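In the block that follows, a single chain appears as structure tokens, in the form predicted alone.
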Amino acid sequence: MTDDWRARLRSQGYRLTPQRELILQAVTTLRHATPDEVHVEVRRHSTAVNLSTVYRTLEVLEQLGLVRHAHLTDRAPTYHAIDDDHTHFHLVCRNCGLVTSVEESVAADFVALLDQHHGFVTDVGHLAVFGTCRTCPETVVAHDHGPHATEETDD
């Protein structure tokens, strides 16, 4: 995490608060996390931050372009910090819950076809593709995974 986010916060008229710093650090540490998971991580460092503060702060951080959310389950959105050099989309295994981050360039041909044939500009960072990972049998599909695993890749 660099000081750039602090400057972005101030330039948009927001104060730099310890709560905002803790919440952004939690999102960065957890890589992909629901607001509840962010709250648990933040509470390890400060009991003064409640869940409604986490939700409000995540909204502010998303408006500022510091975090993004994607819907990786049928529950709460999952947040991750934005790295300006690393836009990615997600592959989500419906069996084991593994979340794999994939570089935006992998979807370039698909995105170009959507634009060409449908005039649709895709927000790739919001994209989640559901299926079965290579280590899970294709016929077994569970629907409640609990905390999800995360794998980073640039395939």
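The structure displayed is predicted, hence computed values, not measured ones. All residue numbers refer to positions in the sequence shown, first residue = 1.
Form predicted together with the DNA: not shown, discussed below.
For the spot marked by Gln19, Ala48 and Arg56, is every residue within 4.5 Å of the DNA in the model of the complex through some heavy atom? Spot residues vs the DNA: full contact, yes.
Quick one: does Gly125 come within 4.5 Å of the DNA in the model of the complex, counting heavy atoms only? Gly125: no contact with the DNA in the model of the complex.
Close approach of Thr87 to the DNA in the model of the complex, 4.5 Å, heavy atom: No - in the model of the complex, heavy atoms of Thr87 and the DNA never come within 4.5 Å of each other.
Would you please decide whether Ser52 lies within 4.5 angstroms of the DNA in the model of the complex, comparing each non-hydrogen atom pair? Judged by the heavy-atom cut-off of 4.5 Å, Ser52 is in contact with the DNA in the model of the complex.
Using heavy atoms and a 4.5 Å limit, would one call Arg134 a contact residue for the DNA in the model of the complex? Answer no; every heavy atom of Arg134 is more than 4.5 Å from the DNA in the model of the complex.
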